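Below you will find one chain, with nothing else, as structure tokens; this is the form predicted alone, and questions on how it binds or moves follow later.
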Amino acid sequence: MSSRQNPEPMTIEEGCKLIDAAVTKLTRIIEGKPEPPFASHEYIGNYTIVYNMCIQKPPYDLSGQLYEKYGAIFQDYDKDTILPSIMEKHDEYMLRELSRWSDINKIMVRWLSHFFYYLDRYYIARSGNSSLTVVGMTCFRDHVYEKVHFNVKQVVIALIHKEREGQQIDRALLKNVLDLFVQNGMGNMERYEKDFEDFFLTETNSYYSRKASRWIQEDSCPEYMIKAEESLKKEKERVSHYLHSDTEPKLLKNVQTNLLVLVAKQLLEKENSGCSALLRDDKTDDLSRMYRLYHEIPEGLEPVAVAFRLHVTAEGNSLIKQAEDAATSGIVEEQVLVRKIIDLHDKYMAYVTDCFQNHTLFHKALKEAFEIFCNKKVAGSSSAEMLATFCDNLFKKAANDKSNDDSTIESTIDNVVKLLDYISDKDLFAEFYRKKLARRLLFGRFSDDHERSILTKLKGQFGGQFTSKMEGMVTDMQLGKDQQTGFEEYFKNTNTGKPKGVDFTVTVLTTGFWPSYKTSDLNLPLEMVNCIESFKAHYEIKTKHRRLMWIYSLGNCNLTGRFDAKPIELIVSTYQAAVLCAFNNTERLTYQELIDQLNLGHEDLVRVLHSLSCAKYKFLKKEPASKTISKTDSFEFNSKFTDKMRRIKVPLPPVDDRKKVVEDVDKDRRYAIDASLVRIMKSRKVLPHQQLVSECVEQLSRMFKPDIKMIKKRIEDLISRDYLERDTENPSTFKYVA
């Protein structure tokens, strides 16, 4: 719009008189006093006054003086009206008054900025002075805020203290007041931080320090944690309702330090209610709360993880102690012990998953705990052997009882693989397992699905080399079925018939896959010899490049014993069958005659004769009738033998092959160490002794924990075989000999 200039310039006194009248009317309106609102012509008139005073030609241009007049209006109003009104109030009433006058000041700034708008558009833009809004807000800060902020801060902190103690306060009022601290920073947080936040955090520190001192004495660990969690929750609510968001991390750190960090040792070790007690009593809810509280704190979970590791270790050691006490009779109950360890692992893995949210610290603690007690021996039996025996019993039982739930067995297999991961001597487990697998396969006490399932899982966990021999053994059994079918066809298609009254089954084993077995040139009965010759003829048709080596110690036979009372079917080993058949042509034989006739070793013959004449079933009568076998004994067929069973399985006394397995594993370890040392030196060429040993240990520790002394011996052996040589200047450094 256009305006007409006065014929004569307006003086500053005339203009200020008109402006003062407008300001007086404005203050009465915004203070809520009886005053009619501005009419549109009055609003335009006020703007026009300022406009006319600013567009006058120099020296009558009054823009600078009007700018100063604008600031003076706020300065006078703040000092004479707003500040006295606030200062005469106390406590919460002072906050309400401050909030009310702050709102009035904002309205006044908005209205006067409109009246003086021409200054903003032209004078301020050219002069670079602060805008009208900034001038109004700065005056309020300098003449009101600076005089009252200390008292206001004290009242605010007192109200927050009341709320912490459970009283109701006006949160909206606190929000408005604290926003003033931020607004008076004019774009930065310095005022809020220095004038309020620092004091607030100091008071918070004192408050929760007092609370922690009292609670830690009065409450149990779960009760304390409930209070701490509730305190943190309420402090977060305070931030969302009236504190600035920048305060949250500082506030929570303050509370966590006082309630959790400084009392962590005392809290977690509380007698009858600390971390160990919670684990002992299966207080999963409290353990979850402990995790929630401490996982936000740097390194806060470490004491909890240590307590968890110690507790699990103690539980595991207790199981080992129970097993040792039960093994005083010389029999270790692998099934019971391993099942208890599996249950223990399931229980505490659930803690790691649910209570501790799969945190890596607790996975590590669980692993370390199980590695401690899972590598302890029980009555001379290593954990590797016990786990292999457990698997053996599990699979034999599953093969015999077809009603077993496959999902349960699969779950157990998964747990076995997990436990094996904690055992350092994995190669020892593999050898024991292979020995027992061989017996299961050869005696038909296996389920192909279960055997392949565990091998698949072991392969996935420990690599193909770990299971390659065992997989070859299972494959051999499948090929053996096809081999036997071909053998049967061979009899049908040739004039060669089976020896009369004899059924003959052969399993061909690949030497590299199966454990090594003792062989002997046993003199078999003629019927068995004929069967063997028949199979040889068949096999030579199939291949001329393989040599068959017969392992009679693994064979078994079904014989019919014709006793006076009744015939009885006997299930015996090949050795036992050979001894019994020796009595077909004579009733009495001496020990020496049996050795000469059968060409059987002394140790094997003693075991066989003991099983036939001194054990539960006495098919042979021994003279003298003692419980031990000697070279002067004589034996005769016991035709008077009888039993209520028509079919009897005759066991051989068990052979403890543990020593041989350990020796075989030690031999394999020497080869593995040699290979590792050569591999390392081939790639590095020159290495100090200590580094070579540590790299060798690191390479091999996945399968077994190599002995440092053995590594040193293997290094010396490789030097003597010209694979390595010592450095002439530094004897503790080795070089690879290409």
Partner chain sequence: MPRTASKPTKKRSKPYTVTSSDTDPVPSASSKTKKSSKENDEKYKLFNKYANTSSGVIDPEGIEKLCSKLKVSHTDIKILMLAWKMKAERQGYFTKAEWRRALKALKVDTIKKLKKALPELEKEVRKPLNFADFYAYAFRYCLTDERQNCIDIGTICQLLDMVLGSTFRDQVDHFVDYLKIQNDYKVITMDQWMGFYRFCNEISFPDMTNYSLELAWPLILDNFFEWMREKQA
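Residue numbers count along the first chain shown, from 1. On a predicted model such as this, the values are computed, not experimentally measured, just so you know.
One more form of this protein should be noted, the form predicted in complex with the partner chain, which is absent from this view; the next part is about it.
For a residue to qualify, one of its non-hydrogen atoms must sit within 4.5 Å of the partner chain in the predicted complex; none of R164, S206 and S213 qualifies. Residues with any non-hydrogen atom within 4.5 angstroms of the partner chain in the predicted complex fall in just one of 22-30, 56-64, 704-712, 38-46: 704-712. Taking the partner from elsewhere, E13 is found to have every heavy atom lying beyond 4.5 Å of the partner chain in the predicted complex. Of the heavy atoms in R684, none are within 4.5 Å of the partner chain in the predicted complex. In the predicted complex, V697 stays away from the partner chain, with no heavy atom inside 4.5 Å. Of the heavy atoms in L18, none are within 4.5 Å of the partner chain in the predicted complex. Looking at 658-672, the residues that come within 4.5 Å of the partner chain in the predicted complex, counting any heavy atom, are Y671, A672.
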